[in-house]
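Only one chain is given next, in C-alpha cells, and it is the form predicted on its own.
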Amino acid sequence: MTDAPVTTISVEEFSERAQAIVNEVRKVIVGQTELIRHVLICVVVGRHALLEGVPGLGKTMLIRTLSEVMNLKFSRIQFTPDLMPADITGTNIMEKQGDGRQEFRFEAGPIFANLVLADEINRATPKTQSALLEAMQEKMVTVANTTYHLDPPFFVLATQNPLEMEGTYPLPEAQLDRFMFKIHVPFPSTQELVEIFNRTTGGDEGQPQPVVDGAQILAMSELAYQVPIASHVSEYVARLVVATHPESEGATDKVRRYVRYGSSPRGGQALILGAKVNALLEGRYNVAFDDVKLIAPAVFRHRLLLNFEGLAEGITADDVISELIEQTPTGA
C-alpha cells in the first residue's frame, strides 16, 4: 500500500506506463488482448472487474501477474460454500494484555489489500458474497460498529465459472452492479495453445518485473478522470443507458422483447470512465464514439436482466447489446 502523493502525468507517460504493464503481463499470459486491456481499464480507474470463464483459462494467473507488475499488496480469497463474511472482512479477537486484562483486537481480513482476487466468487453463498458490497462501493469495512478505511488504490478482481456449472450461486444484482466490467475469458486459439504448452512444459515461463507502483497507478487514474468528454458523446451514453430499458422510447426490438430490466446509472458512469481510459490508451485526450462502442458490451452484459422468453430462446446479453449499439443513433 502507498501513502505517496498523487502526481500529474502526461498522456505520453500514461501510454508508456500502460504499455509497460501490458508487456510484462504478456511474459506470462498468451493472447487475451481484449481481456488484458479491459482489466487494465478497470484497474486504472480504481473500479472492479468480474472475469467469467471455464476453469483453466488463466484468470487467476492474470490477476496475480498484474499484482506483481504493479507492485501492489495482493490478497487472494478462495470462495467456497462454507466461507463466512468474517473470513473476508476480519473479526475482533480477545487478547490478553500484559497486566492480565483482556481486550478485543481487530484482526484484519484479506480484504485489506490493494488488489483483492475473489477467486470463484460464485461458489460462496449470497450472504458471504454480500460482505464485499461495502468494501467495493465505499472502500471501507464495518465490523462491530467500527469502520475501517481501505488504503488506495483498492480494487476487486473476481473470477467466476459459468452459472450453468454445478455448485455455483448467482451473484446478487446489487453486487453485480458494483463491477465496472463483466469480461468473458475466451478459449485460446490453436496457435495460442501451442505457445502456452511451450511456455509451461518447457521450463521457459516468463518472470514479470514490477514496472509501476500504487502512486503511479493513482496518478494514471487522476489523469483518466480529467479527460474531457464532449456533450454530444455524453448524450449518446445517456441514450444507450435509457435504451436498455424495454419501456423506453429508444429501446430496440430485442430490448423490448427479451429484457426485463436495463442498466442502472452506474452503467453510464462505467461507460464514460472506460471510454476515457480507452482514449488514453490510444494516445488521445478526448473521447470518441468508437471508445464508447468498444466498452459497451463489458459494461452492459451484467446489467441487462433477461426475461423468461429471452432465457428460453437462448438469447444472450451480448446479442441485445450488439443490436443496441447498431441501432442507437450517435446524434440527437
Partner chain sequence: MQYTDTQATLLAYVRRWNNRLRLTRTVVWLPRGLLIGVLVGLMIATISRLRPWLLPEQILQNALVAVGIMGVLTLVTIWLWPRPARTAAQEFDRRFNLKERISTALEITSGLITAPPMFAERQLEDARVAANRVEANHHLPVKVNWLEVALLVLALVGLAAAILIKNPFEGEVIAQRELQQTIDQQIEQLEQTREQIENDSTLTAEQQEELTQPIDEAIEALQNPDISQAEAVASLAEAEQELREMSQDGQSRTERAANSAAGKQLRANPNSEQAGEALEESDLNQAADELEQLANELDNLSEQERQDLADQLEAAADALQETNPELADQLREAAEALREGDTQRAAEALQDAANTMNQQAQANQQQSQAANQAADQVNQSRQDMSGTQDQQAGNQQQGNQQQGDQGQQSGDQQQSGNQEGDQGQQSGGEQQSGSQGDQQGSEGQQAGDQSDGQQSGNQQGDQQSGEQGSQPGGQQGDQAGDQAGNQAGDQSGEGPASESQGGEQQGQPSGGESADQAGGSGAGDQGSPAGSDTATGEAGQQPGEVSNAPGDDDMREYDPIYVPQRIGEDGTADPEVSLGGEVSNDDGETINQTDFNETFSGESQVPYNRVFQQYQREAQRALDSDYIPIGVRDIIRAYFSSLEP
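Numbering follows the first chain given and starts at 1. From a predicted model like this one, the values you see are computed outputs, not experimental measurements.
The same protein also exists as the form predicted in complex with its partner chain; that form is not shown, yet it is the one meant from here on.
A.B. asks: Answer with yes or no whether A230 is in contact with its partner chain in the predicted bound form, where contact means some heavy atom within 4.5 Å.
C.D. replies: Yes - in the predicted bound form, heavy atoms of A230 and its partner chain come within 4.5 Å of each other.
A.B. asks: May I ask you to check whether D290 falls inside a 4.5 Å heavy atom distance of its partner chain in the predicted bound form?
C.D. replies: Yes, D290 lies within 4.5 Å of its partner chain in the predicted bound form.
A.B. asks: Any chance E12 has a heavy atom within 4.5 Å of its partner chain in the predicted bound form?
C.D. replies: Yes - in the predicted bound form, heavy atoms of E12 and its partner chain come within 4.5 Å of each other.
A.B. asks: With a cut-off of 4.5 Å between heavy atoms, is R284 one of the residues that contacts its partner chain in the predicted bound form?
C.D. replies: Answer yes; at least one heavy atom of R284 falls within 4.5 Å of its partner chain in the predicted bound form.
A.B. asks: Could you tell me which one of C42, L35, L280, V69 places a heavy atom within 4.5 Å of its partner chain in the predicted bound form?
C.D. replies: Selected option: L280.
A.B. asks: Its partner chain isn't shown here, but in the predicted bound form which of N198, Q226, Q97, S189 has a heavy atom within 4.5 Å of it?
C.D. replies: Checking each option against its partner chain in the predicted bound form, the one that comes within 4.5 Å is Q226.
A.B. asks: Within 4.5 angstroms, counting heavy atoms, which one of the listed stretches 208-216, 232-240, 143-151, 121-129 is next to its partner chain in the predicted bound form?
C.D. replies: So the stretch in question is 232-240.
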